[in-house]
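Coming up is one lone chain in structure tokens, specifically the form predicted on its own.
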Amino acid sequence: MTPLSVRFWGTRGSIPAPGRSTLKYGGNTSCVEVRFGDEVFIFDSGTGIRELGLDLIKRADGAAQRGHVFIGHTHWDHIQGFPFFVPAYLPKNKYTIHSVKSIGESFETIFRRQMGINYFPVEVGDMSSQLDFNHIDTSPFEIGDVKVKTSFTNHPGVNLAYRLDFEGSRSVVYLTDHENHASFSGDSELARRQDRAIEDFCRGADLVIVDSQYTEEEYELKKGWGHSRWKDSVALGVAAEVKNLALFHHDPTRTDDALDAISSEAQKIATAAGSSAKVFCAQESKEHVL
């Protein structure tokens, strides 16, 4: 069976948070690599994509690189690392960048604008690799033998979650920048139906990487900002019967000690609920083989 692994290159939300208190779980913003044999799939291009790019060059050892980048949305913490993604500057390489139309403008326009002359000295057009922008919606599509499904999330603007289904009934879900509907709008049949749809999207996945930015106390002040309480994310993983649940998009104020405590308590909650899932806080540079 084709090897499948996931490695976290950036686990932080909102803004990079380097420093002594974030050494274990990392300070880079969202970037996750999924490797399926020789194929590379990248979720988001936060600041973590810089180190991923350097690692890809080392692994390629001079060979041409091909890959797919899935952008959930174009908020800064999800695209700000792309100008420093070195493989995009090498002519022999090719990357396809997938995302959805944003509010008012295409994601390609917004993506390119962050490298406009007022913000960065090099424009996207100056990158020498072949960059293809693929505007998608919620229609399933395939990349080789990999099936790709998407779902809109509850986040200001437009944001997509992604599910990749691989041979051997293996699957990875990337569900960040999402706010639990019932927590946001109150318990109602509509909210329960919306939450069930997300639950079904994650159903039985080998790994779900899920937004878990807030504690209950923080959420009271930040309701409507488009992020979930970590306890809501654990409940989602239990209900969807996932095998592994990675709590992700850590708040920039969250220290390693605080994340250690959340990881431990989250596992206890899932186990007490009768789940066999492994629950943990996503850790930068950590690789998981599925």
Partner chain sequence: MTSSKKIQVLVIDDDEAMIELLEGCLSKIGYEVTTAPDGLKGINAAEKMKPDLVILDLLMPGMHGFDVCQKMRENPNLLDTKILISSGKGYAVDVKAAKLLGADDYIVKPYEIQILFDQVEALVGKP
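Remember, it's a predicted structure, so these values are computed and weren't measured experimentally. Numbering follows the first chain given and starts at 1.
There is another form of this protein, the form predicted together with the partner chain, and it is not shown here; the text below is about that form.
Out of the listed residues Gly104, Gly116, Gly144, Pro91, Gly104 is the one that sits within 4.5 Å of the partner chain in the model of the complex by at least one heavy atom. The partner is absent here; in the model of the complex, the one residue of Phe84, Trp76, Phe152, Phe120 having a heavy atom within 4.5 Å of the partner chain is Phe152. Look at 205-213, 163-171, 179-187, 122-130: in the model of the complex, residues with non-hydrogen atoms within 4.5 angstroms of the partner chain sit in 179-187. For Thr96, no non-hydrogen atom is located within 4.5 Å of the partner chain in the model of the complex, even though that partner is not displayed. Among heavy atoms of Glu220, none comes within 4.5 Å of the partner chain in the model of the complex. Under a 4.5 angstroms non-hydrogen atom cutoff, the partner chain in the model of the complex lacks Gly37 among its neighbouring residues. Put simply, Gly27 is far from the partner chain in the model of the complex: not one heavy atom of it is within 4.5 Å. In the model of the complex, Asp137, Thr138, Ser139 are the residues of 124-148 with at least one heavy atom within 4.5 Å of the partner chain, listed from first to last.
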